[in-house]
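In the structure tokens that follow, the same protein chain appears in two forms, which are kept apart as structure 1 and structure 2.
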Structure 1
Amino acid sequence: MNSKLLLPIALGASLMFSISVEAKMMNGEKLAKEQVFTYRLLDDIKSFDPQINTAVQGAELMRDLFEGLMNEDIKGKLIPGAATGFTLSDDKLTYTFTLRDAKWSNGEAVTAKDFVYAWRRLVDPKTASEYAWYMELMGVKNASKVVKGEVTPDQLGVRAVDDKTFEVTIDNALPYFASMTVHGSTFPVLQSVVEKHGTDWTKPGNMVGNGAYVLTDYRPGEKVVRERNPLYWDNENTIVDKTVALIINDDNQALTRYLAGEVDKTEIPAGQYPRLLKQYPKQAYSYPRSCSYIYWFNIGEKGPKSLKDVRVRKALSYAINREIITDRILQGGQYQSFNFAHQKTAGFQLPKIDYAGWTQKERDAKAVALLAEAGYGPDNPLSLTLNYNTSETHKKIAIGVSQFWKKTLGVKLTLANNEWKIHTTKQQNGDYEVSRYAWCGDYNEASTYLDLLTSYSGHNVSGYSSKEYDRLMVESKTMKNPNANYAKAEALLAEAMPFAPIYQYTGVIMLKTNLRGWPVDNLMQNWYSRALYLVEE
């Protein structure tokens, strides 16, 4: 289905900042008197610190509270952010960003030194950021050495030429480098505030940001409120005055509150998109979104002996009926997945994975044979525990998978549910056997997925390590067309099976008909409250 056919014209159009103050009009529509955008958050926020946050929903807040060098528009096109633009040296190894005249929310000027501090802070081992590796992926000079503690953070390849000029030196030419600065881990933070308040610097009242909004209220497990920052450089073209995120773990409860008018945007519960599209054709949306849903297999030191056997991992992956998950459980246009990188990623050529071309009957037969070879069967059933974070959708998928594995392989599966913070902490600590996970791209290029499985990745919690895989990904950074290496990397993952790919995302949401500016055509789904507005109904 072509989701564009479902979109109101104003949502599909580029946002034009031409506000008529007198008439309070926007793109020919009268603005609503109250500009408050309220949406549903599935999980509580683990951290409000740009260099510490790892969650997609946390990143949504980062883009409001802070601003990086570059932003994206509603189509996903790279546009100026805290920088008005950049120049690139002839050898394509030095980026020079020119910062605009902008202020922090406390009135201080935003300078290149603030970016230098934040980027050094990201890779500093003392920060212990799970995203320190991101600067290695960016190829910033000496990033790997700083992360490993071989040199001090001041040796990182960044410098403030002057207050308005930020210079970055990278090891190899990287065509998508500038787009990587949209990621929250690269956002500036004010050193004096961090040092004054320590770990409390992100609390309302303490936090100082350079974004279009400030954090005014945070109630753990309940809500997060950010309000317009009058000192933001483009405040006069910002329309939404307040954004309220309500933390609602239950998908159906979130939908009920949406239909009651309490929220303007929420995710559609699994299996309900067809019905809601018929009932609310101007509110229900499905469009490609850069995320892949997987089940990690713990093959690290703490993982069970059974999962050390690749035959067991392959058997478990093959026995998952992805068609039932996408077409019967989810029903939101999601794609069956047999690889890692999202198939709609820019420039990516979906590789041929052998078992993707088999029928489910063939996959099941192969799974039974492999598990028997590994020594498991009726007389020695395989027992495992599957962890998933709180969500009705995750629960439905987990129950479905447990049935596939029991019926086909005789696996005794125990389901264990935890809220997001505990769930991700267990993954990072290796305290799991099989664990639900989803990776959403940080930028629109396949390496944002495939780099995750390198041995130096800060998010590779599987225990998988391959010198050949690492070589392919390092080599890809200097290739004009890296798709050949990406295909080989995907083949290695299919052979080693450190995780079971299950499906690739679509955004399946409900949007109020008077909301404008949602980036339905941006695969990365990088949205900003300052780009939204509400019109009178």
Structure 2
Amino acid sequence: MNSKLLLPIALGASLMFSISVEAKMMNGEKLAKEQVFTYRLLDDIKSFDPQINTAVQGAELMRDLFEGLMNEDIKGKLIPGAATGFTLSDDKLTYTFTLRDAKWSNGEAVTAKDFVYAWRRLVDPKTASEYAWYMELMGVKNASKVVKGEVTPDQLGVRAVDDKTFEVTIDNALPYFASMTVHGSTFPVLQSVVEKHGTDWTKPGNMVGNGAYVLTDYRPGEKVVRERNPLYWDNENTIVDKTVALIINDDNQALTRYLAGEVDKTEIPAGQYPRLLKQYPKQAYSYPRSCSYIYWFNIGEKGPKSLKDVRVRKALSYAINREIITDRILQGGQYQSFNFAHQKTAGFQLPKIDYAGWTQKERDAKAVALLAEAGYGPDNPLSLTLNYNTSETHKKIAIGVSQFWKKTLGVKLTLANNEWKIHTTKQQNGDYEVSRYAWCGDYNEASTYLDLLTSYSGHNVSGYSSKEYDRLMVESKTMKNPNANYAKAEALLAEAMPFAPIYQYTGVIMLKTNLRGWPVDNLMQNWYSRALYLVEE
């Protein structure tokens, strides 16, 4: 989306790191002798394979162990990665990336063939990647056909023009295509290594990557260690020598271990941010993060009759006291939400949504009136079931909402807590009335959210279907500035209310005071160990 993508890499690097190795100084601060960064990992890593990984926390590792065509800087701006830049054909359908001289951790040169191999591998039915859809989302030519098995993977619209030139052909113009190459599933892998070791190729010792770090130790359920890759092209500007991820399932336990000095970074449990901020003002952080939390209303076939009435849906949404949820329950600086896309999404202009501007009192009054109009009241109370999946935070919000609806509207709400797989299955089968959901952006652009509500989206579980909405979204793909359309689309959603927006995320973390370079300004939270450094305290 940003037109200034073709920053020469030398400039980019020197801007980022004005470091003099001898003096061990960085931006005027003395570097710590021991450059080891330790952070908390919520769950064990499911896969170290870039094309297989589906988890956000897995992606953090991928970005250290491998390097895709483009990277993000500390502000989330697109900068060159394995490619020094790209050119776009006039029809906006062919991207030509120029690769820099870089080496794999076994000394082989990184070539365009490696990208071709990895991209084909992602969609190959034999790989059976759960993220094969990502390449379909990117619109790479023939991606869908390859996934379906209709054509062979070599028909995918990617090509190694020569060792240093990688060419991609896409079906439709996509303004944010380049920023999608920051995603881990597009990272290159080395064919010879994958074929030699099979699924074992990701084991420490076997794995060969082109990232700034190599995987040196993995103890399942306990920790993951990655260490500096001396062959990385920008090794001399890399400061952290070793990054250790400690797997700690329990939030409170993680905080205890942070306070005991065992980790340098951890998430703050819900509700604890204000207290920690008071106690450790230089360590507690809250910053926007690209995820949005909503309650779906089922207006599809299997949904209840009551929810088919837009007045009921509006009443329910209005009656949610979002201020209580963000300021009293979550307490981590989260944003009250009246729309879908995260309000800090790049270029996104929040449309004027009427009820966002009202006071809660006004909303409540309006909600009562709307529900009465729809025929529900003390004699004929509305009964609904709210599904949420097992989690302390989801539970608290659900309890809060049940109280708002009960007090204001007299709604009899049954809470149904299910474990994750059941929750998801029910939601995707349209087998619910009201259901919790959260969507995190894949890239920093509002369509990553708004595409969900199109009638042709596989993720639209509400049953919402609007020709006008579909038209706006299709049109946005080829527009120079699609944000006008996004605003219109959001306005449509506020009118139809296929879901109640609840809140928009913040990252709420504890960071050791001597750690620098954490990308608090990057909405996508794409962090790289090589951009971090520790200073002497």
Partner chain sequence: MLNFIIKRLFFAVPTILVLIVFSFLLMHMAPGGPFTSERALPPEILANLEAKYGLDQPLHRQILIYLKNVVLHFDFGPSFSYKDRTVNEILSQGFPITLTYGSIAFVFAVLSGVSLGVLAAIYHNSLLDYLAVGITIGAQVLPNFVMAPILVLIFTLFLGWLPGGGWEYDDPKYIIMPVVALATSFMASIARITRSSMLEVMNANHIRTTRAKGLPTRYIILHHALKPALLPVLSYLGPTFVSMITGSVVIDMFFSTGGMGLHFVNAALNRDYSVMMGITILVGVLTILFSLVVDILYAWIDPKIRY
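Heads up, when I say rigid core I mean the largest set of C-alphas that superpose within 1.5 Å between the two forms. The shown structure was predicted, so the numbers you read here are calculated from the model rather than taken from an experiment. Residue positions are counted from 1 along structure 1's sequence.
Novice: Go through 1 and 2 and tell me the one that is the form predicted alone.
Specialist: The chain shown first - structure 1 - is the form that fits the description.
Novice: With each C-alpha assigned to whichever superposition fits it better, do Lys488 and Pro519 land in the same rigid part between structures 1 and 2?
Specialist: No, Pro519 belongs to a different rigid part than Lys488 (C-alpha assigned to the better-fitting superposition).
Novice: How much does the lesser of the two rigid parts rotate between structures 1 and 2, stated in °?
Specialist: Value: 26 degrees, smaller part relative to larger.
Novice: Upon rigid core superposition, what is the positional shift of the Cα of Glu392 between structures 1 and 2, expressed in Å to one decimal?
Specialist: C-alpha displacement of Glu392 between structures 1 and 2: 5.6 Å.
Novice: Where the rigid core has been superposed, how far does the Cα of Ile299 end up moving between structures 1 and 2, given in Å?
Specialist: Comparing the two forms, Ile299 shifts 12.7 Å at C-alpha.
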